[in-house]
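Encoded as structure tokens, the following chain is the form predicted on its own, with no partner shown.
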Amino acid sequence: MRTNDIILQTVTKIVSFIILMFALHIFFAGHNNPGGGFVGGLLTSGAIVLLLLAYDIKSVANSLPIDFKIMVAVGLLFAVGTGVGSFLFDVPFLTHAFGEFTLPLLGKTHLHTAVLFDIGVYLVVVGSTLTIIQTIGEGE
């Protein structure tokens, strides 16, 4: 390990955390402002790529034991499921429902089925991006 790696790895831990928190903010702000699942997914992928640059693939794979191909499949299931769910209620494809609910600890909350679609997009973007990057990185 070189001395520069220690500095890079220390800064990466802090910066990755900041990027992940911003990705979470962008994900939830996407209903009323620019953002959502796609941009949040790209930011999350960027944070994990930063970890891959600072550490090696095996170290990141040990700390994140996720099969990104399964993540893509689950994301597609969420995204397609929200569209198919609209057929069950005899409304046009991808028609979203919303309502106000009072939840414990959170109080009065707006819940939308669009969040389920955004979760699907988020998972597909993170899964496909990191599958591609890991495939390229394993070849070296």
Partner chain sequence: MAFQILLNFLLAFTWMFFESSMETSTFIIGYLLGMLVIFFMRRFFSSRFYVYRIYSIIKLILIFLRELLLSNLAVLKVVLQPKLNIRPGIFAMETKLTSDWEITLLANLITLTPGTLVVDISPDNKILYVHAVDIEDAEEAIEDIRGSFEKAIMEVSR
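Residue numbers count along the first chain shown, from 1. Just so you know, these numbers come straight off a predicted model, no measurement behind them.
Although it is not shown, the form predicted in complex with its partner chain is what the next lines describe.
Contact check for Leu64: a heavy atom falls within 4.5 Å of its partner chain in the predicted bound form. Within 4.5 Å of some heavy atom of its partner chain in the predicted bound form lies at least one heavy atom of Phe28. Within this chain, Met21 lines the site of its partner chain in the predicted bound form, having a heavy atom no more than 4.5 Å away. Using a 4.5 angstroms threshold between heavy atoms, Ser128 stays clear of its partner chain in the predicted bound form. Remark: all three candidate residues (Phe17, Leu51 and Leu106) come within 4.5 Å of its partner chain in the predicted bound form, counting heavy atoms only.
Only one segment in the set 88 to 96, 54 to 62, 111 to 119, 74 to 82 has residues whose heavy atoms sit within 4.5 Å of its partner chain in the predicted bound form; it is 54 to 62.
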